[in-house]
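Okay, so here's just one chain, in structure tokens, the form predicted on its own.
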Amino acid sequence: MILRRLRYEIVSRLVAPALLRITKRRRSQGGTGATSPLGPPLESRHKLKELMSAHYLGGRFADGAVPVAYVTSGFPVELLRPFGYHVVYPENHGALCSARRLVPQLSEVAERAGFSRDLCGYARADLGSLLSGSTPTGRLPRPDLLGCCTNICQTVLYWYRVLADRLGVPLVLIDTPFVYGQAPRAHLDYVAAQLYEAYATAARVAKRRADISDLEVPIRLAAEGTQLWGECLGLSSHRPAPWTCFDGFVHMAPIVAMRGTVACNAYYRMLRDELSDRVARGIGGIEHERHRLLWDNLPIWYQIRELATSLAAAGFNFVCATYTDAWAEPGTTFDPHHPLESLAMAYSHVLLNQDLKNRLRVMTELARRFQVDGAVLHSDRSCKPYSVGQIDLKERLQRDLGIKTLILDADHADPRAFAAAQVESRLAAFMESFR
């Protein structure tokens, strides 16, 4: 156990950063590449890659060295930090698989095992990876605990039940009733009671003592981290915006996978400072920003670069997104002095666990704050809870704000559900409407 822990720490803290520095040097000697309508790339991307690569590389050696948990993106990960868990997010892993265009082959494995092609692409990619042992990270550690929260969708519950059954490990479920307006006290008490039980279970699995006061540090760090992330996003209110929401989709990885850690916060301070410097120097995320847009729903992971480039060439910059903003909002209610109550409040009021009226409020505020003149609503085949109501949202944004809107049919993970010619023609018509 001691040797395994030592190996895990060495790989995470020393080996992974060293490998990334070598890779960075080799790439810096390879030339500058072709001219792009995008602005100069962020220097912080090198630290981001180092940080996330260390996370995944360390994960190869985590089981047997430290307790390991697989959790959904909406799970209150702060509960696990006091016990030293190495945390894996299958959704993050699914996004990585999608960016590497591996989802079709992993999905086919899952589909041959009887899972429907209509399931979320993240779920199919994860289950296909589990069944085949194939992953772009080399190896995922075996979990000791599964943590699932229903505040993003119900699919995660059934997905994690399959994982629990196949892996033979305990599953902790946090059930968050859907919120209309503000959650009533009974609702928050119900969620807080589950959080208490989850905390005790996490301690028992990790063979550690459970003391609620130990939550103070990770919750304080999580609150600070979400604030820093919000500050990074907020800098796009300047003209030109110093980055694009497509950049934000990539740079949000630490606030999802490493929330509540010192390393996460240190990264966002670096990113904030770089973005602030770009604002001061007038450097934009694209070369010639003429129109500012809002993006709704998850990104199309396997198409991010292509979409960003084609839109930038026409002077369109996505300066804000409901998806990236969703990781800044809940942290405003974190309170280290009332850990379980504030976690119940924060995780009950995530974007997808609230009514359509709140979605419209969020989108309206983003549109006004970032001075957008258009919005693209990604109707995501893989994320039906996020896509429901978009026709109504589109009409309200057009009527109330007078901005141009487009609903774009695609899939956040599986390129088999992406019609390139159709997307290209619809985007071309949308951009033409601004002339």
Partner chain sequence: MTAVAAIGVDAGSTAFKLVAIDAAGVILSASIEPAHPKLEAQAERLLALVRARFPEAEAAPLVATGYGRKRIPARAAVTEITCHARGSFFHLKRPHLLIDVGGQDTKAIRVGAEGEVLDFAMNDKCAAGTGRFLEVILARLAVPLAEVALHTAGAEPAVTVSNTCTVFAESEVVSLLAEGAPLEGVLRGLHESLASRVAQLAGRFVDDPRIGLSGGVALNPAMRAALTVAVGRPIEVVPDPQLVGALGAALSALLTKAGNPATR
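Positions refer to the first chain, counted from 1. Quantities reported herein were computed from a predicted structural model and do not represent experimental measurements.
What follows is about the form predicted in complex with the partner chain, which we do not show.
- Among heavy atoms of L406, some come within 4.5 Å of the partner chain in the predicted bound form.
- Not displayed here, the partner chain is approached by A410 to within 4.5 Å at the level of heavy atoms in the predicted bound form.
- Put simply, E43 is far from the partner chain in the predicted bound form: not one heavy atom of it is within 4.5 Å.
- Using a 4.5 Å cutoff between non-hydrogen atoms, E395 counts as a contact of the partner chain in the predicted bound form.
- Comparing 396-404, 369-377, 45-53, 66-74 against the partner chain in the predicted bound form, the single stretch with non-hydrogen atoms within 4.5 angstroms of it is 396-404.
- Contacts between stretch 419-435 and the partner chain, counted in the predicted bound form as any heavy atom lying within 4.5 Å, involve A419, A421, Q422, E424, S425, R426, A428, A429, F430, E432, S433, R435, listed in sequence order.
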